[in-house]
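Before any questions on binding or motion, here is one chain by itself as structure tokens, the form predicted on its own.
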């Protein structure tokens, strides 16, 4: 058994254990902290897959920024079971339909893994490296990249305008 396999199984156990603890934890703050453990385990899997950029972005964006926002919102909310509104039956049905659609997407993605593995072999397994990602982003996808940057800029300007106090 190689060190890569040992790391893979350790990170897998850490991710599954963290996910189970997140779901079964009674305290929502502990659930968020366990979710951070899951994100770090997933980042470890990205490193094993030679996708260093995704690992760093996962740690910075999800484990850093998003989890801080989750903790901030959870700590500001009053999480009493007495104040929780009753769920409508239509919301439960919509949730089951959305979950079924997600399951179909997962099944479709799993069915395409063989074609993706063949493509990875053809590229030499270097698809996750940062310089190849940058080269692809700024050659093949430069127009969608620039459109998304203008969209983010307009969202920031809109947030500043909405957040300004009226004069």
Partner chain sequence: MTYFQLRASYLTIMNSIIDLVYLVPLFPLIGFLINGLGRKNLSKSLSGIIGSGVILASFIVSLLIFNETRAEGFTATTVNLFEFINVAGLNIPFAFQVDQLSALFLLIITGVGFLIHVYSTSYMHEEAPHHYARYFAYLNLFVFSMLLLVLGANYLIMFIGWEGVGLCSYLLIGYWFKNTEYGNAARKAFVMNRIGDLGFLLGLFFIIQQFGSLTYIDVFARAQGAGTSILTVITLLLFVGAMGKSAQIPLYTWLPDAMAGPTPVSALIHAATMVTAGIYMIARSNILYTLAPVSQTLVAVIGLATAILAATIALKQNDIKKVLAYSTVSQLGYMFLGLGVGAYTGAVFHVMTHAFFKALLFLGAGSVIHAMHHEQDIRKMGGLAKKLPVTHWTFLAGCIAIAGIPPFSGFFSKDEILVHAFAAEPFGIIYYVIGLAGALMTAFYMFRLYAMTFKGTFRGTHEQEHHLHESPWQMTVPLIILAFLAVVAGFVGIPELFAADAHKLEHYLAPVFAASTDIAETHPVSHETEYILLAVSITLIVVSILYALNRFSKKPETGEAEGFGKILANKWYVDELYNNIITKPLNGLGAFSNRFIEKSGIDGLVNGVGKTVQWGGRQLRLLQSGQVGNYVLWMVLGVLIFFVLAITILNK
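Note that the structure is predicted; figures quoted are calculated from it, not measured. We call the rigid core the largest set of C-alpha positions that still match within 1.5 Å between the two forms. Numbering follows the first chain given and starts at 1.
Here the subject shifts to the form predicted together with the partner chain, a form of this protein not shown in this document.
- Which residues from 15 to 35 come close to the partner chain in the model of the complex, meaning a heavy atom within 4.5 Å? Stretch hits: zero.
- Core-superposed comparison between the shown form and the other one, residue 68 Cα displacement 2 Å or beyond: No; residue 68 is a residue whose C-alpha shifts by less than 2 Å between the shown form and the other one when the cores are overlaid.
- Task: Indicate closer or farther: the Cα atoms of residue 98 and residue 22, in the model of the complex, relative to the displayed form, with a change of 3 Å or more.
- Result: Between the C-alphas of residue 22 and residue 98, the gap narrows in the model of the complex (3 Å or more compared with this form).
- Message: Since the Cα-Cα distance for residue 65 and residue 102 shifts by 3 angstroms or more in the model of the complex, is it a contraction (closer) or an expansion (farther)?
- Response: Between the C-alphas of residue 102 and residue 65, the gap widens in the model of the complex (3 Å or more compared with this form).
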